[in-house]
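In the block that follows, a single chain appears as structure tokens, in the form predicted alone.
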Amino acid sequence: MKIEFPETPEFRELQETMKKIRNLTIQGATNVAIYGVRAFAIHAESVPLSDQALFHHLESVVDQLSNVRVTEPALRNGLRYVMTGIRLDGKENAIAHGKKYLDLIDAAKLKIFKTGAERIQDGSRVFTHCHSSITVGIFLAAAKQGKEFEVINTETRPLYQGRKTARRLLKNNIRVTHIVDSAMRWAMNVFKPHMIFMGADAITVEGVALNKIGSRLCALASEEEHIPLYICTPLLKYDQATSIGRLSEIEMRDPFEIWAEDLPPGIRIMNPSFETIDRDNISAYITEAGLIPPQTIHVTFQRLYGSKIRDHHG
């Protein structure tokens, strides 16, 4: 939906944030939510509109920002959190409501770091795929407790997000073994990790997780090798619309991320960014509510956030 609105500094900043999210300058579900909600709240508070014109405009903005990348419920929940606040308190408090949502994310992350770090012991070997600020935070929290352990992580093609994870861990004196994605099962068989920690970009009402492509392969290999798999994520990544029957979408990225030069004509390239992890392959979710089974995602989210985030299908 095209947004019709006179250019303002706040609106230009919002558009620039959308561009950065789209081209992965801003990446990671948590960071997408932080930057997107902040830019939206600043714009909402500054827009010179009121009453129905205001809500019509802001809903248009929410629609466009929500669809910059389709697999980002943490961002959508944040936008709905701010919209719920605006409907109750007026646009004058939009920035304050945006900050409250970001505070919720920060508080959730700290609880997850603590719970996750408790599961890592001296001598542990932990496997992870892609880059997740949440899983990295758990590893850093465990290291600060003086625990010595090793992380086996994937390079995560085609954009190699796993390298970011490896650099962060090495910088904090955590041992890292870095492997190609296709060596997942081999690495699990050889290194015999004690557990697998992965983040999530979205969670469905059934307790299914959506994460970077390759995650389901990781989950299936973990089942074969009898390694417990934990999804480490704030419940704010719960896709509420799945509770009313909508299926979470899988984003298809630019084929040129895979093959940009000397591409022979006639080749069809598919570049799916995410895939699902069945709840039967998930030992538990590590969340701000503690360690919970996949089947309890919806009720736990409603208990923590149900009154604060509304109109999710508006």
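Note that residue numbering begins at 1 and tracks the sequence as displayed. Model, not experiment: these values are computed from the prediction.
One more form of this protein exists, namely the form predicted together with a small molecule; it is left out here, but the text below deals with it.
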Can you pick the stretch from 266-274, 58-66, 279-287, 44-52 whose heavy atoms fall within 4.5 Å of the small molecule in the predicted bound form?
266-274
The single option of 131, 97, 125, 80 touching the small molecule in the predicted bound form, heavy atom within 4.5 Å
131
Between 204, 161, 222, 115, only one gets a heavy atom within 4.5 angstroms of the small molecule in the predicted bound form; which residue is that?
161
Does the 4.5 Å heavy atom contact test between residue 29 and the small molecule in the predicted bound form come out positive?
yes
In the predicted bound form, residue 73 touching the small molecule (heavy atom, 4.5 Å)
no
Taking 4.5 angstroms as the cut-off for heavy atoms, does residue 142 touch the small molecule in the predicted bound form?
no
Mark residue 200 yes when one of its heavy atoms lies within 4.5 Å of a heavy atom of the small molecule in the predicted bound form, and no otherwise.
yes
